[in-house]
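Okay, here we've got a single chain as structure tokens, the form predicted alone, with questions on binding and movement later.
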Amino acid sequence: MIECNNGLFHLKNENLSCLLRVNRYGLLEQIHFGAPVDSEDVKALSCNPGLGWGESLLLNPADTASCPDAMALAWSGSGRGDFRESPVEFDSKSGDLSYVNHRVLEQQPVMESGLPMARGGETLEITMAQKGVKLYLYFTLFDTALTRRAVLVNEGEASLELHKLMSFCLDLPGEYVMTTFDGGWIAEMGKHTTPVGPARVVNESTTGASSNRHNPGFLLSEPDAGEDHGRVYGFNLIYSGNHYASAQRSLQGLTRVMQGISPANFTKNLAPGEKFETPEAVLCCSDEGFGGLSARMHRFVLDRIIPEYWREKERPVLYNSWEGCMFDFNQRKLLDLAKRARDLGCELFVLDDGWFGARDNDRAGLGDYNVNRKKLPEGLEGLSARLGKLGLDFGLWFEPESVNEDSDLYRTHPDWVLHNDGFSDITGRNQLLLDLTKLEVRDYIVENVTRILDSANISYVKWDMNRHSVALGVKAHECILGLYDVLRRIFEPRPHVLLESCSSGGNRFDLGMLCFGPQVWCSDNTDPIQRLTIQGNLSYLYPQSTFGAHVSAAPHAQTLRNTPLTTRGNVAFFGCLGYELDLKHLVSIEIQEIKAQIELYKKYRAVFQFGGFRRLKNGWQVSKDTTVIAGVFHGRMDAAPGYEQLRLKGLDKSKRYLFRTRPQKIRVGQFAGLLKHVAPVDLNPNGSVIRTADKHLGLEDGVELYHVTGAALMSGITLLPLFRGTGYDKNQRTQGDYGSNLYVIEEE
């Protein structure tokens, strides 16, 4: 609910409070943002400067509390005594906007620019102004989060040049560290923590996309906060373009944090009467550590961001053709892979790149939509019909935002390309970007993608974008608005089409894209050990149902690391499961393992995709209703390892549970060279006996079955020992490097 009383505003529910006050100078003070408090606590929660600081500039010389630089504010300007970073810059006359009025809305108004927004939510609109300028601040309350955005209107008689407008500004008392998630292609979401001090800490993308370099989501936490204790704030932006966030601690101990569109090379000229809308920012908090913050962020994304059609709808197990055949395929080869995928238990067959134009490599064809009849003589309609007879749904890859110079589209419309005026074009992956600010370009994309989608029974789209933008200034933002227009026109009339966003992997893993499709391809890196980092760090801000997670062949193309098939499956379970490898090279025991993986995933799909996610010391946990599933993962194997405990979270101490290991088989050939230590005969480790055994046999690996209380599971149970260098025993986990186990725990 939202309470308004004599300049005091309180947005509150059982999870959070945002307490604001208009002071006597018309500035908007941030009294509190965090755990629920009472409106009567305002005096105790306020920052009282006493005699102030000797160097302060005072709005009223008789009032030592009138120094803007020492106030905890929910919005600030520049030029009137607040020397901290300002969330707004326009012309050279930016000053402090003052409170005018407010109103409470049942839900926030839709943005005229077409920016995506969270669904619903009671909203407080606060109007601030200075001569010729009006600013509307929107505070929208949800169950587990608060969103904020700003709208600036030029009410003067001359044009106004806007250089910067953040979605929110927030001053928090206390000491914090800032956690960002940074990296690059096939190395997304590295976790980095920086203490917030007098020097500004910045998280920014200038690539034209939300970027794999710096995800827009970030955390502020007390220095001693842990997974289950301490105060943690989470912030994110419902936006897919250049973004900026900063945190800086003042001498008075106030940490100013803000977020919005990156001001780098940004300029927007507002004509008289024109407005500019910022993306909506998400603010979340928890006093129960990083785990508590993640649970609230996940709930917000699932309830308010994901398209309603897909909100609790289970995702199919898919097979993607890319790593199996890349550009080298024909209909016969695809149908052979499809039959094999169907027999394994897959439900959706996805044809990746190479189905259109002269697309035999990545140097030609992008921008064209004519089906390559040499590869697909029956077209997409014929292929989808044949897949349907096999019992498989059909999905298709697109890259509509880009164009190759070697394409019919570029030869016809070179003027449709996004050029960097005055410079020669720079290609990335042999491609240029289309100028989505042009209506005719957007119409072309919409017309052709919808024509393809409606020409066959296509239920899934992988929407890729494989290069960064070089557009400067406001055009970068306008291109993102153009993208949203395209996505809205294609997918809103087709809510049943499962849209998985991709941009060279996780280059656009953000809430803006998730407003149009419920999942994103996390990374082109499918090495499960790397995915432990990528998916694990994504989990701080995004629910696992948004993760596209595939099992691929090993050694992995991105790392050359050889990992067990069991571990590849165990990691991919904690997301939207898919397979991406050449299925004809699987041996019998691998086929059995994949069938078992898919069978278990389907049985517990709702738990894996929509269960509450928790990070454990040595793995992950998901829980829903009466079922808990935990994965335990290992890196490099050390000799003679000690005992290992599994400590679960969130169970009922008084209830009893059935705890069991998902059975896993070990390939005999994996240990062929060691058999001479135990076998009565001398066996050739590469001979026919071992190869035959490898096709049909497997060793049991450390299966455990217990009836146990929730109290014991949360205290920590001791797992069967890992391999200790003394031979095979079915009562140990004989795994070697990068082994893992999956445990299913169900209430009795």
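Sequential numbering from 1, following the sequence displayed. The structure displayed is predicted, hence computed values, not measured ones.
Separately, the form predicted together with a small molecule exists; it is not shown, and the next lines address it.
Using a 4.5 angstroms cut-off on non-hydrogen atoms, would W322 count as touching the small molecule in the predicted bound form?
Answer yes; at least one heavy atom of W322 falls within 4.5 Å of the small molecule in the predicted bound form.
Does the small molecule get within 4.5 angstroms of any non-hydrogen atom of S504 in the predicted bound form?
Residue-level check for S504: yes, a contact with the small molecule.
Residue-level contact is defined here as any heavy atom of the residue lying within 4.5 Å of the small molecule in the predicted bound form; does W521 satisfy this criterion?
W521: yes, in contact with the small molecule in the predicted bound form.
Contact label in the predicted bound form: D464 to the small molecule, heavy atom within 4.5 Å
Because a heavy atom of D464 falls inside 4.5 Å of the small molecule in the predicted bound form, the answer is yes.
From the candidate stretches 615-623, 212-220, 351-359, 566-574, select the single one in contact with the small molecule in the predicted bound form, where contact means a heavy atom within 4.5 Å.
Careful reading of the contacts points to 351-359.
Using a 4.5 Å cut on heavy atoms, which of Y604, W397, F276, F329 is close to the small molecule in the predicted bound form?
Among Y604, W397, F276, F329, a heavy atom within 4.5 Å of the small molecule in the predicted bound form occurs only for W397.
Which of these residues, R429, R561, R647, K339, gets a heavy atom within 4.5 Å of the small molecule in the predicted bound form?
Spelling it out, the residue with a heavy atom inside the cut-off is R429.
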